[in-house]
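Just one chain is shown here, as structure tokens, and it is the form predicted alone.
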Amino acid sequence: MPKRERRVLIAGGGIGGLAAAIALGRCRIETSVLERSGFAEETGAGIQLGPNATRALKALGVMEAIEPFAFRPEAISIHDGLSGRRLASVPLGKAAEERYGAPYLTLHRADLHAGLRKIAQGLGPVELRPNFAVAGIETLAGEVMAQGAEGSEARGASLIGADGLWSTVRSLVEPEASLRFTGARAWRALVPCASLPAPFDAPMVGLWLGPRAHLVHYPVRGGDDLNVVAVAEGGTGSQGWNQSGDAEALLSSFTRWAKDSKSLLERAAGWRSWSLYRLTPLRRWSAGPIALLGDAAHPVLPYLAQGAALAIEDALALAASMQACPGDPPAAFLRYEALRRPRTARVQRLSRRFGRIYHLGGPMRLARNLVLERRNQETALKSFDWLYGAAGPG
């Protein structure tokens, strides 16, 4: 086919968009990644990558680019937020890598983004177009044209909306789709690891559970910094991922918590916050030559740390489907959705359920703690086989 007919436009140059460009580029399919910024990932956020995500990154050829900046936690240590008591531990490290054939990593989101961008820039079929804010999209005879806010344009045979939770492309696929505020807000900050006391200096992911709130922390930047994320119910929703956070408002949700857990929140500065939203389930992920990927199609709440992983898996499934249906983007997109929808829907359901379990109060909190304390480590890890094992990208 002529180059223009083969070219795929990708709206959004975040983790999902770059992963899609790499996956398609390795299939020798030309892409243009249209990114509203200068491809500079926002700072201050950590990310957990389970074995399903790192297996997919290895398939994309990205692991070598990110491993120097990554940290390999030894376990997930689960605590009760009010009493401070340790409830359970889920082994990671060598145990997880041997079980799943891929490591569990934590790293700064900007380091993952930089690694993806480095690999994408080195692929001949991939074109990165910074400062291209998609303002309009037209479908013509056998062609899609994206118009930039500054008057620029890009043309291709198809378009992938990898533009996140607040997707512009989504309205072309499902005009009636709507986002609903969940009633919870997340907060994040970085704390230098050198000054941290126990248990926060341990090489592991810490998870603290409490009524209507929870706390997560893990090392990033090779262990130099600790990424801290707190989620609390209450307040009103607002659009945006990188808003300035009020420390007093955050701490007011943790007043009853144990001294250790509160001390970590008090150490952190420069909080950023964002509201958690759910998307009403989409009837379809594509319309003709336009398809959705990652959070644009199936945003997932953060309680299983799988948002980025699902987008990376999507990228591999999308590329495989376009190879299987050469010259027929609509058919490829239907195949891609059929491959991915069952898995993403399961992760969405389980993430919501985990959020409810994390935030239990009263007698239900005590019952949850008892179940966790009685669970052995091997059983705890085995319960994630469906997620971390066969990644299912197709």
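Numbering starts at 1 and follows the sequence shown. Fair warning: this is a prediction, and the values are worked out from it, not measured in the lab.
Only in words, not in the display: the form predicted in complex with a small molecule, which the text now covers.
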Does the small molecule come within 4.5 Å of any heavy atom of Gln306 in the predicted complex?
yes
Using heavy atoms and a 4.5 Å limit, would one call Leu34 a contact residue for the small molecule in the predicted complex?
yes
Under a 4.5 Å heavy atom criterion, is Phe132 part of the interface with the small molecule in the predicted complex?
yes
Using a 4.5 angstroms cut-off on non-hydrogen atoms, would Pro302 count as touching the small molecule in the predicted complex?
yes
Residue among Leu209, Ala186, Leu265, Val191 with a heavy atom within 4.5 Å of the small molecule in the predicted complex:
Ala186
Would you mind picking the one in Ile47, Leu339, Ala59, Ile66 that has a heavy atom within 4.5 Å of the small molecule in the predicted complex?
Ile47
In terms of non-hydrogen atoms within 4.5 angstroms, which of the given stretches 271 to 279, 192 to 200, 87 to 95, 120 to 128 touches the small molecule in the predicted complex?
271 to 279
